[in-house]
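Here's a solo chain for you in structure tokens, the form predicted alone.
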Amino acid sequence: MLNYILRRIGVSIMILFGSSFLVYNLAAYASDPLAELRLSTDDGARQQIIALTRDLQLDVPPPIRYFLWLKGVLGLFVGNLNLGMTREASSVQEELAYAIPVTIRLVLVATITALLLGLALGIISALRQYSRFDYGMTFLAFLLYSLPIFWVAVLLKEFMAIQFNNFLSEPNIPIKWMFIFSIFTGIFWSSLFGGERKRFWSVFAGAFATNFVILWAIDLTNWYLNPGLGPILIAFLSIGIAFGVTAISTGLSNSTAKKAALTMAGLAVVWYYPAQWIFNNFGSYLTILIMISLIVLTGIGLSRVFSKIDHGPIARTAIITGLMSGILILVDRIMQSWAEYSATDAVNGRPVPTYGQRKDQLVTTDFWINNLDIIMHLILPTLALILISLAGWIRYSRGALLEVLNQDYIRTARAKGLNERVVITRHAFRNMMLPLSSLFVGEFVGLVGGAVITERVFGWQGMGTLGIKAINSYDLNLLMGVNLLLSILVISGNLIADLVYSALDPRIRLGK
């Protein structure tokens, strides 16, 4: 394995060298950053030409200039990385250092969310092949796949930002919309859990009534003006999470895992008010990290308390339950800052933004308000990327699982008497992830450099915008900086995909 990785790294270095050499020279010969200045009649144009020629070393032939640029790149190994200066006399490293976190924040959330939702919906669709739910997911996937992302982004800005902000000025949900939302909710859940006609309509009626009551209570209490979950709702949700995680992780028949998960859910409710006090007085990322560590240690401890053997599945079930319950408490604390955030001068009662990655006018030291501002700016562009990516993940995961379920070893597992949960989670899921692992890496790397339209529509200054800026301004150093970073990501992503293949399937031995 080590020899394989070293060989891949060596080949990757050669690929980086060759591709960067070609891109540099093609871009250098195809563009002329001095063209507009040569045509200018301005008295200072001559001085600008001299200054740019000196700063960008335009008097040096491109092949030789490439090696001067490469010398600055290789300075990384001696602690003196130099990617050159942009046409605006700023450092390329500084431009990249500003753009990379912006794009990673956008792409990471969108890719992981789309992957999780796509896997869940695709797996359910495959397990309920040719059912109402399967047909509905197929229609939804093809519909989303056919929509251009710029059109989706514009619709989101109009209806989820502008119209919703207008709604908050006079909040009132008409009865008509309560019925419409409840009907769609009933159709979704009845398609998911329904079977025969009687069960279908029973689930539809229950989902319809529940959704209608929730919307009526939200409208009656004006919950959207001062939202929150509260300990009672968190208690119900945590118990539901405990049963759901146990069912997927070990099965509800495992009473030990169920007790550990329910105990973790109970501890989450008990810790609600102490956690709120800690968040109010010591709000920071370090505090959140410490609490996550405590949840993990508590889950491990519960596995030791409830079982003398086979601690892994019990610890896994308890930890996942604790983390998901903890997320509810964290979300509740962030929601408590909603009213204060909306009332600030920078927001002025319109909390859903349509442009930028944060409000520069919002000046506050409050940890929760600052993070709520980041989250609100993240919602629309992330949702746009999720909707487009979700279609592919639904189809990929559905097709991958159906292919695996037709294999002989799945039939053998069922013939041995294993229940369906074990067959799916332990035998089918791991093998269906083989083709999806490489797709995930490619999707993530592609979005890092390809979320150009989303960034332009929502005014985010990320890698896509930076690349377009470099091309439009004939900024060779900036273009090479973006190209170098994306090339490294692509090569590293392919290597990671191969290693993930080996981890998922022990039959694959890399380097043999």
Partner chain sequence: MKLFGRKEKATGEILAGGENAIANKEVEGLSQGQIVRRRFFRHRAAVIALVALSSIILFVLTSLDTKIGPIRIPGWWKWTVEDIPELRFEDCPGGTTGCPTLSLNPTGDFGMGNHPFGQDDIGRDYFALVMNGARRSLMIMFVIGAVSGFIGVVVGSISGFYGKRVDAVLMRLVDFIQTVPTIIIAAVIGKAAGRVGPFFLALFLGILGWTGLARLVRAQFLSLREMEFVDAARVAGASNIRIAFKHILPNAVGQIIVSVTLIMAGAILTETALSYLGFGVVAPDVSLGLLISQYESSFTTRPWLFWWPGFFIISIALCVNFIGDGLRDAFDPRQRRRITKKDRLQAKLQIKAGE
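Positions refer to the first chain, counted from 1. For clarity, every value in this text was computed on a predicted model and none was experimentally measured.
Absent from the display: the form predicted together with the partner chain. The rest refers to it.
The stretch that touches the partner chain in the predicted bound form, counting heavy atoms within 4.5 Å, is 416-424, out of 206-214, 329-337, 416-424, 265-273. In the predicted bound form, the partner chain sits within 4.5 Å of a heavy atom of R395. For the chain shown alone, P148 is a contact residue for the partner chain in the predicted bound form, at least one non-hydrogen atom being within 4.5 angstroms.
For the chain shown alone, R46 is not a contact residue for the partner chain in the predicted bound form, no non-hydrogen atom being within 4.5 angstroms. Taking non-hydrogen atoms only, L56 never approaches the partner chain to within 4.5 angstroms in the predicted bound form. Contact with the partner chain in the predicted bound form, defined as a heavy atom within 4.5 Å, is made by all three of S19, R128 and E403. Proximity to the partner chain in the predicted bound form, taken as a non-hydrogen atom within 4.5 angstroms, holds for one residue of L143, I278, L297, I218, which is L143. In terms of contact with the partner chain in the predicted bound form, the residue from L233, I180, L155, L116 that brings a heavy atom within 4.5 Å is L155.
Taking a 4.5 Å heavy atom cutoff to the partner chain in the predicted bound form, the contacting residues in 469-489 are I471, N472, Y474, L479, V482, N483, L486, S487.
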